[in-house]
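Take a look at this single chain, the form predicted on its own, given in structure tokens.
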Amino acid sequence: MKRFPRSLGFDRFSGAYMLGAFVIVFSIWKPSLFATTATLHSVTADKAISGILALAILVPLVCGVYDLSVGATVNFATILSVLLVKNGWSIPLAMLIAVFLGGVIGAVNGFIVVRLKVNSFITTLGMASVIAAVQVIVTHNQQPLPPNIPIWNDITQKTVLGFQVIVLYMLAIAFVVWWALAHTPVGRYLYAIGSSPEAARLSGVRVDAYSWLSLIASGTIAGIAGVLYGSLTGPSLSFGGGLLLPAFAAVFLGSTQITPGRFNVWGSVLSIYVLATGVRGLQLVTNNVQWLDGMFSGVALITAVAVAVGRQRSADERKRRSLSSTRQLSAADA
């Protein structure tokens, strides 16, 4: 079977080709609705919070740790920052407290995972439930009204070149996370832990410390996302859970892009907007059927994980064959 030339980059940039295909198909299908600057600006702004949340998920995943509490964390950070602002706290201080609390949640997750040796999947799933319960206690299960303060809204809703500034925040956070993972020793250690924790430990890497740090970073980024969501959209008692699946789908789909086989920042950002463009196009074609977002994200997550697992199996098989060939040559020489 003939393969596409590697120079076309289908092995690394299939998401970009898919994005281009979506744009072309839906622009022809619904030109008056899809092929507009309003749709472009809407999609980029609407998915900026999902992009930030995907980065929160990505950091611990790089070292093989799951954080399922980010959805609850972003939700609680939104509610907390809004309540503090409405009660007369200064906006910078309210934002700082909400972000700090996100980091504290990450630190508690890290303590349970690292010190108590509880599986990260179970730990963060349980923590999400605890956070949701605390949120009910704080709010009495009543959704607060958004602050009627123009400067609060302007934090994310001001426009730069037609795009809401929230998009620039997402790109700035993505750049910082990319630089930390790709160009610092911490990033190299996290990738080494994700590849083989035992080998990293034998090489002198403080596996527990960096795993703990990754969860603190995850909680902090989720806290930032929550504060920005409060300014962009206003408080909600339940929006965080709905962001979790698309964010995970983007991270796993992103691991098949740019640098296949590794969780990476720009692959995740690309995947967020591939999924968002596909969903928006289908919503316009089908008159905004509500189940499309969940369906699309779920299928994308399953497909991305299947592709990633398949590639890992292929890599392992190649290594096994190479090792077998080397042993056979050594035996023949002997």
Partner chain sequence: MTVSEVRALDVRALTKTFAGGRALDDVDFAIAAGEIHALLGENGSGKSTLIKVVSGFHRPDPGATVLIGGQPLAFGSPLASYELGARFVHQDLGLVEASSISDNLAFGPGFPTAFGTILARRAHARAARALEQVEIDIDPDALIGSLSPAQKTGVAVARALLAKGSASVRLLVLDEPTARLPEHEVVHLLALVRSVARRGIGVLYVTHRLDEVFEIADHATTLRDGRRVASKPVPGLTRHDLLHDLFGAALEHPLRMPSAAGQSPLIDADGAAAAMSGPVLSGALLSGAVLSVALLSVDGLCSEVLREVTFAIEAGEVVGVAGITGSGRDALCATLFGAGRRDSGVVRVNGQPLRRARPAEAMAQGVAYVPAERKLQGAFMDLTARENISISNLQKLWRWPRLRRRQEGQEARRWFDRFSIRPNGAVEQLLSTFSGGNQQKVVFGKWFQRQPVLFLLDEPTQGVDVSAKAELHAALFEAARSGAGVLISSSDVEELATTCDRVLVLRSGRIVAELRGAEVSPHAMSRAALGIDHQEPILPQGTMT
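Predicted, not measured: the structure shown is a model, and the values here were computed from it. Numbering follows the first chain given and starts at 1.
One more form of this protein exists, namely the form predicted in complex with the partner chain; it is left out here, but the text below deals with it.
Interface residue remark: P185 is counted as part of the site for the partner chain in the predicted bound form, having a heavy atom within 4.5 Å.
Mapping the unseen interface onto this chain, G204 counts among the residues with a heavy atom inside 4.5 Å of the partner chain in the predicted bound form.
In the predicted bound form, W212 stays away from the partner chain, with no heavy atom inside 4.5 Å.
Although the partner is absent from this view, L232 stays clear of the partner chain in the predicted bound form, with no non-hydrogen atom inside 4.5 angstroms.
When contacts are defined as a non-hydrogen atom within 4.5 Å, none of W29, F34 and T44 contacts the partner chain in the predicted bound form. In summary, the region of this chain contacting the partner chain in the predicted bound form, judged by heavy atoms within 4.5 Å and restricted to 80-88, 217-225, 140-148, 187-195, corresponds to 187-195. With the partner omitted from this view, the residue of I258, V165, L101, A200 that lies near the partner chain in the predicted bound form is A200 [heavy atom within 4.5 Å]. For the partner-free chain shown, just R262 of 254-273 comes within 4.5 angstroms of the partner chain in the predicted bound form, judged by any non-hydrogen atom.
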